[in-house]
Every structure is written in structure tokens, then in C-alpha cells.
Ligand SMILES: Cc1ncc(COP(=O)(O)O)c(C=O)c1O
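Shown below, as C-alpha cells, is a lone chain in the form predicted on its own; questions about how it binds or moves come after it.
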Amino acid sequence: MPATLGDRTLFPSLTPKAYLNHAAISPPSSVVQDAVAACLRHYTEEGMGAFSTYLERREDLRADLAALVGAQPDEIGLAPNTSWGVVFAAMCFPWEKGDGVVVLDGEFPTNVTPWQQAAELYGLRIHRIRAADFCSPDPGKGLAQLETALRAGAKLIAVSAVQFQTGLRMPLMAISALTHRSGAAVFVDAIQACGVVPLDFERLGVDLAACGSHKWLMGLEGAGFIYVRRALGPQLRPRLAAWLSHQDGLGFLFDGPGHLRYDRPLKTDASVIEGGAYNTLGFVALQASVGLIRSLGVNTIYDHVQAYHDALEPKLSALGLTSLRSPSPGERSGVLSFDVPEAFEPTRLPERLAARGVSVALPDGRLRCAPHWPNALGEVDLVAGALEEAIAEATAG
């Protein structure tokens, strides 16, 4: 069954009437469930006999992901999650002692902690910039601070494509242009963008990226990918390599005697991250979910989500919430967040809304609404009504 904008037919068991939590975890569609069940059944029936089938399908997934983000298949490596991709980049980048790395205050910790660890291990200097300083009305403030850090020796900036609290879509092209003029690199945490915001890593000038599949890609937890620009791959130092990081790493298992060696060259592309056994079920789920997203088109999904936000934002603002959505369309994403007055008991809003059939999140105290392609515009009045009741409950008496 094909995917249709604003249609929940592929989610027949989904309990909330309005599921606005795709920036946290997306529920798997029936298409994803069927793909996983078929894979599990195949392994149940054939055991090792199923392995080669799904080994080949990984190459198809690699190509699908590359097409989704404007990359080449050999620039995509399959990873367990975003965090592992960030760790890989932080530990394998060709650092020299005294280099600098730029991190942003306001980022999800996934895109800060590994860089802090790398700084401690390799003797790097950390430069901090507020993510909000890249936001309108003066996005040049962040770029000016980045330029200062680059002049001081920063060799890489780690930035999320979309900020998880506010939904701010970062100016990746401007960041990349400035960074590349100094000979430095750009790493992007893409998990809050990929699948809902159009991305073209080559056009945007991204050098490294990581993304998990359980949010906007609508797959399962424990699967994701990294991107390594082809020219950068040979420069990486694969300090986290394992047995399948070697070229022809599987050969000794199938090619007869005399092929067991420990000196095979390591891969020099993104697949070097694929050092051990794969989460086959997770990648089967990801391939199924990406197929649905590509069938709709990310640009189409983005426009649908913005229409949802356009309808929802004024209704929630009229109830006393303060929208954090950027006034600039180019800075918008799949996330619509609000500051909530203390009188509304913000920490209790998610549970009160859940009791009324609306699923939202509250990262760092901001009310976050994150619809996706299955969300119908007709839900907006339901969401606004549920919030109005929740506020009345909080302020009663």
C-alpha cells in the first residue's frame, strides 16, 4: 500500500489521535513491520542461508540513503545510531595537537560529548558558539564568531542541521563556505532533518554527517548511517576499526584455506565504520521506511509539515504560548516549539495532552510539536482543543 500525505492508514494501531512526536521516536508503519517480519521469518527458516540476501540488500540501502541526502553510495556507511557516527568522526578525524573544534551551546549532547572526549584525548581546543546566534534577525552573529574560531585554528565545526529544542534550521551552506575557506571541515548531525527537511550534502558542502533512523526517517532504534565525503575518506584515521573494516573482510570465511590474515588494508570510505555484525532487522526497517519517504518526496513532505505548522502555530499562540518558529522560512524545519508560561505547569502538559489523545515532547522545558507526512491538517483543531483543556486544568483554582 502506498504512502499518502495526511493519511494514517499505514499506522492502524497507533493510539494517539494526533501523534506529534516524530522528533523523538516515530512509530513503525505496517510496511516497516511487514518488512521486518519477512526478514525474521527468512532467518528463522534458513539461518545462515539468509545472510547473503541481506548483505546484498545493504548495498541497495546504501544507494537509497545516498539518493536521499545528495551523496554517492560509497560515501554512506551503515551505523548503529547517530551517536556512534559522531564518535567515529570525533575519534577518526585527522587531528593534530592544538587543533580547535567548534561546538554549539544548545545542541543535543550527542553532538557535544564525543568532541569533548576527542579534545581531551588529542589535546584539542574547544570553541563554543551559541546555536541561537545563527538565528534571525542576525544570523551573521554566529558566522562572525565561527570566523574568529577558524582564525584561531579550528579545524572542524560540529553542527546539527536542525536544533532539537527550537526547530531552528541551521545555515549549513553559509557555514560550509566560511569553514572551507579556512581549510576546515563541517560535521553535521542530521537526525532532526533527514526525512522531513530537504538535504543535499554535496551542494551544502558537508564533509561528515551522521543520522539515526528512528525519528524523521521512521525506521527503528539501533540503525542509522554516516556520510563521509569521498575526498576526505582516505584522510581519516580509522582508530575504531574492527574485523569487517578490512577490505575483503569476509573473504576468509568463504574462499577456502589460506585466506585468514590480519594485515589486509582497511577500507578508506565510509563503510570502514561497519566493523562487525549488523543490525539486519533495523536496516531492513530503514530501507522500507526510506522507500515510503522517497515515494512521497522530501520536498512534498516538508511543504505538508509547514502547512500543518502554519495552521497550528497561531492557535497555540492565541492560548498564551510563545512560538519559537523562525520568522524566516529558510530557518524552519519539522519542529514547531513553544515556550510555556509557568502558570500552565509545562512539565505536566505532555501527560495532560496524552490523556486527550495528543503526543508531544518537552525537551529542556519547550513544548515541541513534530508532525510528519501521516498527520492530517484536520488534527489541528483537536490539538488546540486538547491544549486549551490542559491549560484550564492547570490553572483551575
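Residue indices: 1-based, along the sequence shown. The structure presented is a predicted model; accordingly, all values stated were derived computationally and were not measured.
Quick note: we don't show the form predicted in complex with this ligand, though the next part is all about it.
Can you pick the one in Arg169, Arg325, His214, Lys267 that has a heavy atom within 4.5 Å of this ligand in the model of the complex? Partner contact (heavy atom, 4.5 Å) among the options: His214.
Answer option from Ser160, Thr179, Ser289, Ser271, heavy atom within 4.5 Å of this ligand in the model of the complex: By the 4.5 Å criterion, the partner-contacting residue is Ser160.
Where, among 206-214, 313-321, 299-307, 237-245, do residues come within 4.5 Å of this ligand in the model of the complex by heavy atom distance? Selected stretch: 206-214.
Closest heavy atom of Ile191 to this ligand in the model of the complex, within 4.5 Å or not? Yes, contact at 4.5 Å.
Even though this ligand is not shown here, does Phe108 get within 4.5 Å of it in the model of the complex, heavy atoms only? The answer is yes: Phe108 has a heavy atom within 4.5 Å of this ligand.
4.5 Å heavy atom contact, Ser83 and this ligand in the model of the complex: Answer yes; at least one heavy atom of Ser83 falls within 4.5 Å of this ligand in the model of the complex.
Should Tyr227 be classed as touching this ligand in the model of the complex when contacts are defined as heavy atoms within 4.5 Å? It does not: once this ligand is placed as it appears in the model of the complex, Tyr227 has no heavy atom within 4.5 Å of it.
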